[in-house]
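In structure tokens, one chain follows: the form predicted alone.
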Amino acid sequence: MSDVKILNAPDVPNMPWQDGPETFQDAPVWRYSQNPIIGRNPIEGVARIFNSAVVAYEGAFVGVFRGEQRNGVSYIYFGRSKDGINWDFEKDKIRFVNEKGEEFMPVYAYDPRLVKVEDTYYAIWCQDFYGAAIGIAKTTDFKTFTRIENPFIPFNRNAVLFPRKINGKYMMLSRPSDSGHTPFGDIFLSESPDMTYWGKHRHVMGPNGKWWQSVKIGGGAAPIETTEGWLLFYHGVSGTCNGFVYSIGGAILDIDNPSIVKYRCENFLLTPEEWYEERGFVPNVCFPCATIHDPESGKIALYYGCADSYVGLAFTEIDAVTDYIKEHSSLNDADREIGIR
């Protein structure tokens, strides 16, 4: 096994963890035995929490959660946990404000990510901006969430911020889309000097002929910086006679030019197999949104949405998952390009 290291991330000695099997027939990713960690009706007035993101914070854990209300509208809720597994949620949805401190709530908000860059935490989600688009808010204390300018015009989804600047610029992955449940989608990279103006858009990778990611793909958890490059857990979608199936894949991007894909696993890392992944409001969905990772031990905990109804937890180790992605890598010309045409 190689000696891959996680870089530029704080140690998390109390991260959630459960040992896996001694040997693997397939990808070295295993589910938490007590999944799902968040079930239905978790808060008064909220039917389901899923597709949500967490970070380590002050010796414990906090998160932003997609809460689908009983009227069907999704908003973002805030939660805390001592162990990253058992969560306490605030009853009211997050109150977003503008730069003047005035309340400024989105029409709806779903599929949030949560990423720390330098001393600021950024929540990124999909919202209505006269069509499906990306919303962003910043916080330093998880008490005040201040919305900042939307990075892109409609239509766009699945925005994922890199956890540090690259060549002095903020970097974000996204998936341009259309106004519906998009039957297509490639991952693109954009950069910004100030989190306001975004440009220099680059193509990263698109669907390929592999069954599990043949329709569309999209960003998942924030990329993890490693000695091999940026480790990206993303989602891939296949079309079947009974609808879409969402699986979790893995790729490694170039550390200095992350529009270049170094390795891309031709096999899925996780696909719907358990009841909470196959059965729910939207069946057959494994949707990655966040990781907790510890550089000292190399352990990675992956949080993922299950069937648009639950939150699941899976585990892997940096050496094992990187080796698997490299061993089963399959790239095309568009993956290897810097992404300009």
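Counting begins at 1, following the sequence as shown. These numbers come from a predicted model, not from an experiment.
Form predicted together with beta-D-mannopyranose (BMA): not shown, discussed below.
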Against beta-D-mannopyranose (BMA) in the predicted bound form, would residue 293 count as a contact residue? Criterion: heavy atoms within 4.5 Å. no
With heavy atoms only and a cut-off of 4.5 Å, decide whether residue 49 touches beta-D-mannopyranose (BMA) in the predicted bound form. no
Non-hydrogen atom contact residue 282 with beta-D-mannopyranose (BMA) in the predicted bound form at 4.5 angstroms: yes
Please tell me whether any heavy atom belonging to residue 310 falls inside 4.5 Å of a heavy atom of beta-D-mannopyranose (BMA), as the geometry stands in the predicted bound form. no
Only one of 312 to 320, 27 to 35, 269 to 277, 282 to 290 has heavy atoms within 4.5 Å of beta-D-mannopyranose (BMA) in the predicted bound form; I'd like to know which. 282 to 290
Within 4.5 Å, heavy atoms only, which of 186, 191, 225, 111 is in contact with beta-D-mannopyranose (BMA) in the predicted bound form? 111
Heavy atom within 4.5 Å of beta-D-mannopyranose (BMA) in the predicted bound form: which of 233, 77, 125, 246 fits that? Just give me the one. 246
Looking at beta-D-mannopyranose (BMA) in the predicted bound form, which residues in 214 to 229 have at least one heavy atom within 4.5 Å of it? 216
